Each structure stands twice: as C-alpha cells, then as structure tokens.
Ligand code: HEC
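Before any questions on binding or motion, here is one chain by itself as structure tokens, the form predicted alone.
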C-alpha cells in the first residue's frame, strides 16, 4: 500500500502530539492538578447574608471610597470581582455544608489568614508614597495586619479620627498611653493632635516610624523656632531633642526627662556653679545656691535652645 503525502503529515501530527503529552506528563509528575478557584456572581449574592441587620453585616463598604463602583481602582469597578477582589475566589463559601456550616472565603481578615497574606491583598492597591516603605517596617516585621488597625467596612475608618486613632495605637502601646497622662504631655487625649502627626505607621525607612528622617526634623514640623541654625548652639539640642525631653509625657515641666538643675548637671558641673546635684527642696539661702531656685539654670541661660546674640556665647541672651 502506497501512503500519500497527506497520510505522512497526519502521522507526523500524531507523533508531535504524543511527544507534547509525554513532556507535559514529565513536567507535572505525580502532582495533582487542582481546578481553578471559581468566583461567585458578584456583591448581590454576598449581600443576601451580609446586608444590614444580619449578624455579619458588611453593607457599609458601599459608604466608603472603596465601594464606589465607577472609580477605576475600586474593588467594585467594572471588570473587578466585587467583594472577592479582596476576599479571593469564594464560590464555595456560598454553599452550606451538610452540618449547616460554611467554608470560609479564600481570604479572611482575621486570625484564620496569615497577616502576610492579608497585607498582600491590601498592598496590591495601596502601594503609594505613604505605604511604599511598609516592607521592612517594625509593624511588618511584627506581622501586624492592615485589618488590625483599619476597618475597611466602616463608613469612616476610626484611625482617621484623632481621638479614636490613639485608642487603636494604645491597644498595643500601653506604656505610651500611661505617659500621656503625666503632668506634662502633648495634647493627644484632648484630640488636638494624633499619633500620626509624628509617626507614620507604614514607614520602615525612618527610626521609630517617624514622619521625618530624624527625631529633630519631626519635632521641627511644629517647633520651627527651635530649628536654627544659631550663632551659639547648644550641642544636645542639635543632636537629639529626646536627650532632654520625653515626647510622650513627663512629670516635669516642658516634657523634661529630669527637673533642672539635675538635668543640666548631667553634663555641666563647672566650679563657679553648684557642683552637687542639689534640688530646690534642699537649697540653702546662699549666694551660689540661688541658681537652684525657680527656673534654676534657665534663670540665666534662658536661650537654652540656641542664641543669635553677639554676646550669647553662654546662651544667656
């Protein structure tokens, strides 16, 4: 029997197909190929269980910027997967099991899903100049999930309010909370400022998650008059404000770490001044110990942050 060229072409195609199947089998090996996860049919199906009045209501997402359907970067924009844009393919979540329970969504923003997995979902969209330094930050290293601080379904995220934001922060930073109740403190508990005025919780690029690269630059955002440069500078001032001040609160005036003259005497103990770490309670009525009364060293050295006066070498004017 004489085979025509068409038969040879057909036989070549079959051999090629068999070779491809063989290569595919070798590549897959003994691994089981799981079917692709399926999405449900949109937010309407989710709202049958998560609407207002239900135990796990989530309808308030539509009162937030994330719920604007005509916004191109919204989870509910055209071409997105609505709730499953964040929660992952969760068609199986809709079906009740034989015992009446339901399988969890692919991604849950609680302890069921690792913080890293949760944050990957958030960072897929929120990766701008405010959050770009999240990788490597202390919060990221401690596996803090975005949902631990942010309430996505709330009409207004509590961390955007100055009073409720500090409650979120203090849920972990209890020691800082106690310091804000000391005699001298920044006005956090009065709602006149918030933790994020000094700290960027997403920024691992700066020490202590500060909004600026140094402690002093952060302080200067409010205390610009202390910035300088001065003709006569006070060394610890230009180095680090926290050498003398406790920014979260102190029982001494002006957030000082220690009352003067004890604070000053940690560095200064010249012969013409009291060389013993006296306090005002034990000061006697003598000529030298007058420096311990009232404002102590600042009675004379009033320009303690720096002086531009030609005769201000000892920052007295």
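Positions refer to the first chain, counted from 1. These numbers were taken from a predicted model, which means no experiment stands behind them.
The same protein also has a form predicted together with this ligand, omitted here; what follows describes it.
> Any chance residue 94 has a heavy atom within 4.5 Å of this ligand in the model of the complex?
Flag for residue 94 set to yes.
> According to a 4.5 angstroms non-hydrogen atom cut-off, is residue 133 in contact with this ligand in the model of the complex?
Looking in the model of the complex, residue contacts with this ligand do not include residue 133, since no heavy atom lies within 4.5 Å.
> How about residue 243 - does it come within 4.5 Å of this ligand in the model of the complex, if we only consider non-hydrogen atoms?
Residue 243: yes, in contact with this ligand in the model of the complex.
> Please run the contact check for residue 221 against this ligand in the model of the complex: heavy atoms, 4.5 angstroms, yes or no?
Because a heavy atom of residue 221 falls inside 4.5 Å of this ligand in the model of the complex, the answer is yes.
> May I ask you to list the residues of 154-179 that have any heavy atom within 4.5 angstroms of this ligand in the model of the complex, in sequence order?
Read in sequence order, the residues that approach this ligand (within 4.5 Å, in the model of the complex) are 156, 157, 159, 160, 165, 166, 168, 169, 170, 171, 172, 173, 175, 176.
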